[in-house]
Structure formats: structure tokens, C-alpha cells
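Let's start with one chain on its own, the form predicted alone, as C-alpha cells.
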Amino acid sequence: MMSIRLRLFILFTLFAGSTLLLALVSYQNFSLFREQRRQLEMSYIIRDEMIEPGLLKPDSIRHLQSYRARLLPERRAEEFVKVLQAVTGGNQRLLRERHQVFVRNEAEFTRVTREQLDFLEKRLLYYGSVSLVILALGFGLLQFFMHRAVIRPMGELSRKMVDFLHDRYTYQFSVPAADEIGHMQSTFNSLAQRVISNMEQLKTLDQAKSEFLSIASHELRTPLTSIKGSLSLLRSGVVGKMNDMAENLLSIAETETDRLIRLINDILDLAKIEARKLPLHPGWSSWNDLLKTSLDSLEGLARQAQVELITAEMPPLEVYIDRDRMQQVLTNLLSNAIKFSPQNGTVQVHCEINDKQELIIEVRDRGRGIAPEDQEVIFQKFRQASSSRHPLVKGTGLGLAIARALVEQHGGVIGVRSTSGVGSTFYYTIPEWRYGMAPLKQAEAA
């Protein structure tokens, strides 16, 4: 089958060739029409001026002689010259004879020329009509060809791409045409088949990952809990008092065990979120109580980092959330802000309402800020912005990834605004909220 480019070339060649041919024929007919009309006008002028050839003045004779070179055919020009010679010769009888012959010839020429002009005018109208028909037919064929060979196949290919974009892989693969669009469709079919094949492999890998995480949750977390309990007993002196060096080593081991347990718990939580198997238990909760609980739990970390936790006075608010999971989000943002804040710095929790009537929770710090390139990746798994100047910055790089997943499960969004050297503001939204009753009013209502 011919390619679209070759078929377009042939179509344009036929269209352009027929149009040029008609234009050439029309131009030739128009040129002949114009020349015949000019000859007819000169015939009228000459006959009008030679009504009385014997009375022609020298100026009139010179003016008539100027028509000699433009008269066609040559026979007319010869008859015209004979009349002028008779005028200048002064032979009246010869002048009358030649004038009568010239007038008869011009009358016959006028009659024939008028017939030719009518014929040429009809031919011009005919060729003009044919040209319009060819133009309309050419544009119609071009539109039909473009729709059939380009627009419709591209539309079908675009629909299949949109299906793939929305994870719909159920359509039947068709045999593409042997042209450029068909080559694109063939390439897309190959890519689609590869994607479907990879999807099956990913499902297998995902199942293997789930099995591995299940093993990790039972085979790793259980012995780690036992190790942590044993270390706690050793530190309590159940086997006798230990020296300072042993106490220090046990403290390090217990801290790292806690960190390893948190890492395993984070990995399991993230795996459940990605598999959509982490159930939420939403309900109306007091935002003020949740904030106080989170701040109290981080008071020790803030005191160790010499950072002050500040919260503005807020009205009684109730939010429709899974309290434990949303406290996990807030605690993660607060602990990160504490870790990245300088000594004697402050971390502020702020609450406001945006244009969409959503509750916005903001956690502001006065740390070193986050570079623009890091702002794009810190919400990804195992990615974090850290520095050797901040020894408290230790983590798995999963906290913000889990926080984003939990916020999105609640129907909100999470993000960060930061300026290097000034500080950062992490924020997230809670779509469902309401004003609650103040404690005094609640007591009165009770």
C-alpha cells in the first residue's frame, strides 16, 4: 500500500496539474477575446472617421495611419492602406471603389468577430465553471482523504492512549495500515503489549513484595521486640549492676533497636497504603485536643534541641479524620521542624481557612530552609534533606511519604513553602471540619 506522503503527492499533482491546465486554456481564450474586442473597437473607430474619406485632413490621415500596424488580419491592413493611398492620390473614383470594398469587408469582419466574441465568452464561462467544480472536488477529495487516512486513525490512536492513561487495557489490537499512521499505531501496539506484559510481571513482583513484608512483620518485628525487652531488663539491673560503659552500650543498642522497629513499622504502613489495605476509621475529633497531645509528646525532643513550640490561640474546631493517623502526620511534621531548627529557635503551628473552605494546618520553622530541587523529592520514599550541621537529623526518609499518603487518603493535599536561610512551612488541608463548642458551653449544655 502506498504511503500517505505518496498519496498526498499524487493527489496534489493531479489537482495542481488540472488547475494549471485550465488556467492556461482560460488565459489563452481570454487573450484571444481581448484581442478580438480590440480589433472590433478599432474597426468602429476607423469607419466612423472615414465616413467621408475625400474630406480627410492631413492630421486625420496621420492618425489613421497609426492603426496600420495593429490591424489584423493582414488582409484588412492591406485594404486599409489602399484606401489611404487613394485618399492621398486624389483619385475620387478609385477612392470610392476602394472605400466601398473596405466598408463591406469591415462589416463582414464585424459580424464574424461578434460571433467569435460570443463563442469565446461562452468558453470562458465554461472553463470558469469547470475550474470551480475541480476546485470544489479537489478540496472535497482532500478533506475526505485526510479524514480517512489521518484524522480518524489519529483519533482512534489518541483514544487508545487515553485508555492506557486511565489504566484501561481491554481493547482489541487491530492490524495497522501500511503507512505512516499505521507505523505509529504498530509502535503503540508494541509498547502497549509490553506494558501489559510488564503489568503482569509487576503483579507477580507486588505479590512477592507482599509476602516478603508479611515475613518481615512476623520474623523481624517479633525478635526485635524480644531484644528490646531483654535490653530493657538488662538496663533495669535485673542481672546486677553494670558499669557506666556497659550502661552506655545498652542505651545505644536499645535506641537503635527502637529505630529499627520504627523503620519496619513505617515500611509496613507504606506498603499497606500503596496496596490500599490500610483502613481508616474516621470520625469527628477535637482538633485542639489532637494538637495538644502531639505537642506534649514532642516536648522532650524540643527541650533536647532547645527549640520552643508555639501555637496560636485557636477556636474550638472539630475535624472528620482518623485521629491516630492524622496525629501521626502532625507529629511527623513537628518532629522534622524541631530537628531542622537551630538552637533557641521556634516552631509554630498555625491554622486557617482557604478559599475552598478547607482547613489548612501549617507547621513553620526558622531553619536553614529547603533548596528548590529538594522540595520536589522530599515527599518521595527514602528521600530527605539533611546536613552534617544537624546531628539530630536521623530518619528513614519514609515519614513525609507516609504523611502525604495519609493526607491524600483523607481527601487533602500536602506541600511545602521554603526559602533557603529563612525557614520552611509545611502545610496540609483537611476538607471536612466544623466549629465545635467551647468547654464552658459544653459544660452548660451538659
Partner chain sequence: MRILLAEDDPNISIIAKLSLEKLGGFEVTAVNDGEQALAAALTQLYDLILLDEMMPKMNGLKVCQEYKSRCPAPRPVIFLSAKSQEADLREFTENGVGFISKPFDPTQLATQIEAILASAA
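What you see is a predicted model; the values in this text were computed from it and never measured. Numbering follows the first chain given and starts at 1.
From this point on, the text means the form predicted together with the partner chain, which you will not see here.
- Message: Test of understanding: in the model of the complex, would residue 222 fall inside 4.5 Å of the partner chain by heavy atoms?
- Response: Yes, contact at 4.5 Å.
- Taking heavy atoms and a 4.5 Å cut-off, does residue 230 contact the partner chain in the model of the complex? Contact with the partner chain, yes.
- Message: Just checking whether residue 161 would be counted as a contact of the partner chain in the model of the complex - the rule being heavy atoms within 4.5 angstroms.
- Response: Answer no; every heavy atom of residue 161 is more than 4.5 Å from the partner chain in the model of the complex.
- Item | 4.5 angstroms heavy atom contact with the partner chain in the model of the complex for residue 236 | Answer yes; at least one heavy atom of residue 236 falls within 4.5 Å of the partner chain in the model of the complex.
- Task: Work out which of 226, 207, 143, 255 lies within 4.5 Å of the partner chain in the model of the complex, going by heavy atoms.
- Result: Checked against the cut-off, the match is 226.
- Look at the stretches 125-133, 78-86, 236-244, 199-207 and give the one with heavy atoms within 4.5 Å of the partner chain in the model of the complex. Careful reading of the contacts points to 236-244.
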